[in-house]
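One chain follows as structure tokens, the form predicted on its own.
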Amino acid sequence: MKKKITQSKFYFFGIILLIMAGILPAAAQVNDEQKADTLTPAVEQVKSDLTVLKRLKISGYIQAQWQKAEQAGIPSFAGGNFTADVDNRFSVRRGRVKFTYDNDWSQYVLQLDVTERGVAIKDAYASFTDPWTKYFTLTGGVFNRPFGYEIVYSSSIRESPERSRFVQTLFPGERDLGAKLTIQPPKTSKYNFISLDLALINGTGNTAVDFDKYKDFIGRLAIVKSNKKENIKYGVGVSYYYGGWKQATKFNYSMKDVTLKEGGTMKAFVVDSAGSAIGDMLKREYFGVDAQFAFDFPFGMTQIRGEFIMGTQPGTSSTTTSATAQPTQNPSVPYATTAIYDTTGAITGYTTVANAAVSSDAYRRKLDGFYFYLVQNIFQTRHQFIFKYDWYDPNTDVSGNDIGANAKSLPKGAKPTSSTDIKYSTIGIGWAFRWNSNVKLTAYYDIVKNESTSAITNKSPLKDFAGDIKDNVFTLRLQYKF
């Protein structure tokens, strides 16, 4: 009996050992598989994170500068007006940081501008390219207006410190809110050199909400090509803008020939007070053409660029800058009384509002503007010479001594022109030195010339325009880009 029990124990422990011998390796294998299963998701997560990071690009630049004006308190398009008693200043002209996320056929872009004046949104848009033909890209949000060449030419690579006067006046901030359709063949196509942009925007700029029901349209057709050696590149484009803002008062003025009281004729603002156009759109319409050439030769790359624009601009008696809000008069009185009109333009009553801004009457003007760049690299060095000429004529119907003339001789309902109608031209001469791919130093001098008029009296607001106003500006700028 004892012998049987011993054998049984022996068999029992033998079986246990065999089982354990099978289980332990199996358990070890399970642990290894578990470890592998745990590691695999972690690796996949790291791969996913890296993929996301590869799609996200962060770039930016900062422009620190010192400026010296010809006299204190001048109005200026070289980075904004100088405040009273200030004829030189330090500033951060632009402090940009841009986030771009590319995901196959879509893109997200957010660009901020951080300076001593605060934080502002420059770009905030999403775009989507159709994955089938790859010809069509739809963009929505805040983006550059697709008009002309200088608007979309980045401030980080533009040779002159600022855009031309007419660009800053007609397209303040360069950007706007809306939607844009771009039609361009993919890079694999031999027709990739041609593109068409069609945009529908608020027309109020990138930081203002719309104030009327009217939307503005922009269209631009452009080609960009180069020769086989790619040492010669060229591009041309045509642009069209159509839009406007609501006429809020009964009166709008346009330039017409008038007969003076003492005889003779001249151009002056003549009022249309029928009132039937209240609430209608005041037309804002531009036509533009631009061209660019670049020749890369042993003596250095030469770049030539030019753009011309003409059209109609609705403004007020005091400004031709495109409106970002319903134009108003300065509320210098504590109470403002305005008439109430019916649909036929007849006055049906009056309303008085305390401390309220009063809508301005509209002034319609024909305009033109132009710029020309000559940029010459000094052989194959890091030095660059810059020459630029631009003009902005806000009212092409008058010039010289006709501006502001015969204010007391005009017939009833006519108003004279003013300093708002004076043409400006600017010659810019500069030098740039590229320290490396990140750092650039620019010295630039703006010589600003205004149209002069002899329609001067001691009380005339035009008396300062009998000659050239001292409003030249020197800019010394250091830029870091990454």
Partner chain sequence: MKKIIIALSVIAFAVPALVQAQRVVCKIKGSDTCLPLSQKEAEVYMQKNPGSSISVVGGGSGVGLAALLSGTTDIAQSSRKMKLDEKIKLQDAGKAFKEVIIAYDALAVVVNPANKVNQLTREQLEDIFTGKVTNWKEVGGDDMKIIAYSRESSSGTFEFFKEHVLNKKNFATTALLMPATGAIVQSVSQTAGAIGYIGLAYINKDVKALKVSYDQGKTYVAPAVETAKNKTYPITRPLYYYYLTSIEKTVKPYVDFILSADGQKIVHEEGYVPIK
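Computed from a prediction, not measured in an experiment: that's the story for all the values here. Numbering follows the first chain given and starts at 1.
Absent from the display: the form predicted together with the partner chain. The rest refers to it.
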Would you kindly say which of Ser399, Thr100, Ser189, Thr328 lies with a heavy atom within 4.5 Å of the partner chain in the predicted bound form? Ser189
Of Lys229, Lys261, Arg117, Lys213, the one that lies within 4.5 Å of the partner chain in the predicted bound form (heavy atoms): Lys229
Evaluate Gln384 for contact with the partner chain in the predicted bound form, applying a 4.5 angstroms cut-off between non-hydrogen atoms, and reply yes or no. yes
Contact with the partner chain in the predicted bound form for Leu200, defined as at least one heavy atom pair within 4.5 Å: yes or no? no
For Ser437, is any heavy atom within 4.5 Å of the partner chain in the predicted bound form, or not? yes
Contact between Trp105 and the partner chain in the predicted bound form at 4.5 Å, heavy atoms? no
Note: the partner chain not shown here; in the predicted bound form, the stretch from 391-399, 235-243, 292-300, 262-270 having heavy atoms within 4.5 Å of it is 292-300
Can you name the residues of 113-147 that have a non-hydrogen atom within 4.5 angstroms of the partner chain in the predicted bound form? Tyr135
